[in-house]
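Take a look at this one chain, the form predicted alone, written out in structure tokens.
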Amino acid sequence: MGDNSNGTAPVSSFLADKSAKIFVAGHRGLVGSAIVRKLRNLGFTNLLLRTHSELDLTRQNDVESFFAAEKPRFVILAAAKVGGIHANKTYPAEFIGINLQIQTNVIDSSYRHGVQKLLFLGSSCIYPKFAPQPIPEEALLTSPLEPTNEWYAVAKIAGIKMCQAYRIQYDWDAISGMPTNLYGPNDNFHPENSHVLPGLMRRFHEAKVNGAKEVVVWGTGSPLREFLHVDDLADAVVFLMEKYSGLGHLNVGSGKEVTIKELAELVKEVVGFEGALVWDSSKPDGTPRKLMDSSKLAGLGWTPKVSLKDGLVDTYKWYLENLKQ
């Protein structure tokens, strides 16, 4: 397995053999479920999927036994302990400990049991709090992290570095992709600890159902954010598995920014809430801008396809279908 550190085409094609065993770790989450949908749509027939109760990725012996028995050819590592600011603040030991355990066990077992290629997925929170905008890959480890999620970020940075170390020492094809803010089917719509987009969708929906006159949203609505539909990420994952074998991690974003105000108005329209949208400017806005520079990935030939409007329609449809259950 030669190293293609310039990021050109890998040794053998990911898409060539639809019967190849692929282990998608974390297949029930927002990201993993989208990757499974994409692979099935492409005709892959041999996906290895294990729930947490079937395989606890924090237990080294269990992971080792799984890899020894199943011998997957490809691994996509989308399993992680995730949560918002409140969860990160309350459970720092879990956020660093569980994520380090999962990725260390999976990456090491993958290498030792002959996996041909592994893709490790992280998050945009790996970057410094005051990174340049848009954030290039080179901003990693240039200054301090955002304190609210540093435990999770440090684990994810360790995952990137572990993939790089195994590539350097063993000439093994381990790559990393860092997605921007994701949304779509299987998102977390929990009232307390969901992210901004599903949180808004739930609030507008409940206001519509309850006949509320207004929805109050924190802040001024001026911060800029980037969103990527999870089906676009799944498409990028397949692209990276097929086309990329470089040492550096790659950003995966839409490259499009939207103000929180524009986002809220779009969600309101998609949900069909007729009342007023009120901004509580006494509440904090958060970071004014957070955009990733995904030009390296674009240079390799990948661009997203799902518009924000279409993506929101799709997500709301899923939300309504799963509300009843």
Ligand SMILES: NC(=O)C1=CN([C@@H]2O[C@H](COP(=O)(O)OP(=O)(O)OC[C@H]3O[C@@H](n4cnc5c(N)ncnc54)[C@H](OP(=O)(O)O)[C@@H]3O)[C@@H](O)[C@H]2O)C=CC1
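Please read all numbers here as calculations on a predicted model, not as lab measurements. Position 1 is the first residue in the sequence shown; the rest follow in order.
Only in words, not in the display: the form predicted together with the named molecule, which the text now covers.
K.L.:
Picking from 75 to 83, 159 to 167, 239 to 247, 136 to 144, which part of the chain touches the named molecule in the model of the complex when contact means heavy atoms within 4.5 Å?
P.N.:
Flagged stretch: 75 to 83.
K.L.:
Give a yes or no on whether each residue among G26, V31 and H52 has a heavy atom within 4.5 Å of the named molecule in the model of the complex.
P.N.:
Yes, because G26, V31 and H52 each have a heavy atom that approaches the named molecule to within 4.5 Å in the model of the complex.
K.L.:
Using a 4.5 Å cut on heavy atoms, which of E274, E70, E262, D56 is close to the named molecule in the model of the complex?
P.N.:
Contact residue from the list: D56.
K.L.:
Just one of A207, L182, L100, I107 has a heavy atom within 4.5 angstroms of the named molecule in the model of the complex, so which one?
P.N.:
None of the other options qualify; the answer is L182.
K.L.:
How about G122: is it within 4.5 Å of the named molecule in the model of the complex, going by heavy atoms?
P.N.:
Yes, G122 is a contact residue.
K.L.:
With the partner left out of view, is Y152 within 4.5 angstroms of the named molecule in the model of the complex by any non-hydrogen atom?
P.N.:
It does: once the named molecule is placed as it appears in the model of the complex, Y152 has a heavy atom within 4.5 Å of it.
K.L.:
Is H195 close to the named molecule in the model of the complex, meaning a heavy atom pair under 4.5 Å apart or at it?
P.N.:
Flag for H195 set to yes.
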